[in-house]
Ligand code: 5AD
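First comes one chain, alone, set out as structure tokens in the form predicted alone.
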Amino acid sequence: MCGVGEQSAQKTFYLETFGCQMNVHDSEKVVGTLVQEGYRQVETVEQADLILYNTCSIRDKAEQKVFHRLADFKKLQAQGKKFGVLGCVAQQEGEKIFERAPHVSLVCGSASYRNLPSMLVQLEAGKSPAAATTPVRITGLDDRQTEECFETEFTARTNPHRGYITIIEGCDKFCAYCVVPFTRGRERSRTSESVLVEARQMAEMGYTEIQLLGQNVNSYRDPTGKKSFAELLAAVGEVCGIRRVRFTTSHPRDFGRDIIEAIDAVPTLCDHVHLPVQSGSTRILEAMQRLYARDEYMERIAWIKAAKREISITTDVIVGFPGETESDFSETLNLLDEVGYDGVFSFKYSARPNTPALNLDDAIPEEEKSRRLEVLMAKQREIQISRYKKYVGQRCEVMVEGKNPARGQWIGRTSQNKTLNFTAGGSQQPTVGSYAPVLVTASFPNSLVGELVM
């Protein structure tokens, strides 16, 4: 009988991840699951028996990129390796992946990760001589009705100081441009107690920063009815040993004043809210099926700005949605001025499979979308130059994330989620994962510069 060590020497895997923080954390949980099943993670595809690709379908032509990557992998088939596609493109394309990439043996959507152990058993069985003449094809494609979350105690966390906890999976919002409700299924929340148990375990392991995750993290609904999202946020922030708590991504419709009250009341909750707006035009918001109007969004911004602490605000914006006029775009530019964001993630609209926007007329030419994106980015750059300058002369506490030897600077992140690169003279050298006071001496559009002070 083989021990775990012997098994792991025989079964190796390589996992490549593409996409958002949810995908990154999903991969941490997948890695932990495979290791528990006797697999050993390796650094190259050449070393691996099983090659997995965790995919994202948010951006344009995502599926083409996946198939191009699978074509790169195909040359390794002759070495007896097996291949699997995980995540959103797996759920979106389903068994069509087997048709376009016959060397793939496993297709598994994120809602089916809890079934990975049994799927791995089937995959291993496919190596037997009896199965040699028939390609192994294993699928895990739950429909939107699943109520199961992917919970595992075997998460292989890649950062020893900052860790993720998924509290809600799936999405029920059905924005006209977004494929996520079709690839990740319905909204389903973990119990507040299971989240707090994981947070306490992380604190005991030495983690000091936790980030709560969800497609719409503030749409969280405790199955036991014990805690609202704001109450859970506060409870995680009160776990002994935790110094910082972040959360992303919030949906404006479910963003309540109680979230700001929790940030004001619990010092460990970070001074940062990411609140995607997508457009400054109520007409376009309605076409996008965002479930709120501009004035409702601005009401939430007013709550944030009225907080006792200064809270950094970041957002997402899509330009060139079908039917967006120059006037609509101008309203978005005006919104940037009115809010004064500390950061904007901006994108050109791209049509995605299965989404309602596919049926909309009046598409914006690609050249015009590119122009609008450039205009928006230039405006936001000027806003950030102004906003970042005000931090010069202030002291900020940073979590030390690493060092850039070429510049002789340490890399830190503030509670407001700003990168602060700093120098430390003499014997006063910080360590990665520690918290350090830094005096800001200069600013750039996307970062701050400073000196360690004691």
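These numbers come from a predicted model, not from an experiment. Numbering starts at 1 and runs along the sequence shown.
The form predicted in complex with this ligand exists for this protein as well; it is not shown, and the discussion that follows is about that form.
- Of the listed positions (R372, K82, R300, R352), a single one reaches within 4.5 angstroms of this ligand by any non-hydrogen atom in the predicted complex, namely R352.
- A single residue from the set E95, E148, D316, D72 has any heavy atom within 4.5 angstroms of this ligand in the predicted complex; that residue is D316.
- Contact check for P276: a heavy atom falls within 4.5 Å of this ligand in the predicted complex.
- This ligand is not shown here, and in the predicted complex it never comes within 4.5 Å of any heavy atom of L233.
- By the criterion of a heavy atom within 4.5 Å, I58 is counted among the residues contacting this ligand in the predicted complex.
- Within this chain, Y113 is remote from the site of this ligand in the predicted complex, having no heavy atom within 4.5 Å.
- Of the candidate stretches 203-211, 359-367, 95-103, 174-182, only 174-182 contains residues with a heavy atom within 4.5 Å of this ligand in the predicted complex.
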